[in-house]
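Heads up, the chain below is alone and in the form predicted on its own; it's given as structure tokens.
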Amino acid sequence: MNKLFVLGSINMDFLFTIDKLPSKGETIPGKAFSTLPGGKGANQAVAAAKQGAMTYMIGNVGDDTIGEELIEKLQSYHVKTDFIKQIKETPSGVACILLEGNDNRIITNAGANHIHEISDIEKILNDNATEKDILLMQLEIPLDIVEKAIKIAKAKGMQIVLNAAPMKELDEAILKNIDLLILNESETKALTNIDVDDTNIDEAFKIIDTLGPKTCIITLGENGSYYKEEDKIIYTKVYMSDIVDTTGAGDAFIGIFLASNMLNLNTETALKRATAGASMTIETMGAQNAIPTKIMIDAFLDREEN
């Protein structure tokens, strides 16, 4: 089976459910509080592993109880953690998520996520990856590590997928070597200067084409997603769902889409399953725990289509 290597962030999320954001100097009571594993990299790895893809997480946590818990939780979702390092005298990455109504606001502290040795990543990929495998990255780790990892993966002939979140300034050295670029509305605006919607999606894709990525997905939240490869554009509508927590929906979409492709499903089916998975994720509080398994998506689609 082909392998998915996810190089990215591993966090512990501290979730506060609130009625309103506090004003300056104000203390407010929270409606609920919970701690749940997160980080874009870890979330996407979990999403892929829950579909049955062979998924390896490459990343760092602190040499603390949070780090140990994060590793154990990934293992419980069948993510392979052989390449996660615990960094001494460094805290694990954390995120404070404020859930207000149907929206979220997030504050992060990178901790061990910002400490990477490119020589370690090079050895992992050289010793374990082949040209049939995929390297998936996001931008919650240092940008120079992303750029160097792309070069290593490119030399191996791997497929390179970048979820440009949170958006940073990306130069030609990064973009020209991306096989699949995944963006949401705000990230598309940052890259193309277009407030993208269904009336100007072609214009946004034309600009992205000039930057180098061979294939691109633009997700538009409740307005669905667009997939572009050469002259083909595929639109996928969302499934209606009761919104509880939008955290992790985009990560679910990405991991499920890649895993579905790895399991030899066609692009249209992979997009449909990814969209269903994202819709299901937002119906439950949290990220990794909320992402559905392959069997759960099968049942959901069976209900929707029959």
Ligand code: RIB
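This is a predicted model, so every value here is computed, not measured. Sequential numbering from 1, following the sequence displayed.
Omitted from view is the form predicted together with ligand RIB, to which the following refers.
- In the predicted bound form, ligand RIB lies farther than 4.5 Å from every heavy atom of Gly277.
- Within 4.5 Å of any heavy atom of ligand RIB in the predicted bound form lies no heavy atom of Ala173.
- Heavy atoms of Ile218 never reach within 4.5 Å of ligand RIB in the predicted bound form, leaving it off the interface.
- In the predicted bound form, none of the heavy atoms of Arg273 sits within 4.5 Å of a heavy atom of ligand RIB.
- For the candidate set Asn60, Gln51, Thr55, Thr247, a heavy atom within 4.5 Å of ligand RIB in the predicted bound form is found for exactly one residue, namely Thr247.
- Checking Ile106, Ile194, Leu211, Ile145 for any heavy atom within 4.5 Å of ligand RIB in the predicted bound form turns up a single hit: Ile106.
- Considering ligand RIB in the predicted bound form, the lone stretch of 91-99, 218-226, 121-129, 231-239 in range is 91-99 [heavy atom distance within 4.5 Å].
- Of all the residues from 34-51, those having a non-hydrogen atom no more than 4.5 Å from ligand RIB in the predicted bound form are Gly38, Gly39, Lys40, Asn43.
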